[in-house]
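As a starting point, one isolated chain is supplied in structure tokens, in the form predicted alone.
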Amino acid sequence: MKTLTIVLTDGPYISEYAEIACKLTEEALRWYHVNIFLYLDAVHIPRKGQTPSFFSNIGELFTGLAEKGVVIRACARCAAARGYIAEENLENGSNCKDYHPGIRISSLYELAEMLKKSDRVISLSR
């Protein structure tokens, strides 16, 4: 199976890129293994406790993708700069107590590995 990696840089609800990534991923899962890497303000996407009034809860949508086997990682430096700390233990597939299940904080080295192994890469950013 081929691999698709999607890199996001915008935070949730500032643009439609996170939702677009979800829709692309849902469709791509028919033919691709999908990785999503959250960089810069995109590390806010999987934060628990967001209750948007007029939008889908994007963190919950990403958890649904993780349950389908999508690998979702957040940049460690970007996350730390925004108050999300990686812990050593995994709980529900996440190493951050502030994140939805299945989403982990990782390093740019993992992004490099994702890109190296990808057949296609999509970057959604302004």
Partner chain sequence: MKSVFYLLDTAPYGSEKAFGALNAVAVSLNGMNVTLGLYGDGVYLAAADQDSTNLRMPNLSDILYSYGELRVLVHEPSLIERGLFDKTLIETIELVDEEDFLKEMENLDSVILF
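Residue numbers count along the first chain shown, from 1. Computed from a predicted structure; not experimentally measured.
Omitted from view is the form predicted in complex with its partner chain, to which the following refers.
- The partner is not drawn, yet in the model of the complex one stretch among 95-103, 37-45, 57-65, 23-31 has residues with heavy atoms inside 4.5 Å of its partner chain: 37-45.
- For the candidate spot formed by Arg82, Leu111 and Asp119, every residue has a non-hydrogen atom within 4.5 angstroms of its partner chain in the model of the complex.
- Although the partner is absent here, Ile14 is not a contact residue: none of its heavy atoms lies within 4.5 angstroms of its partner chain in the model of the complex.
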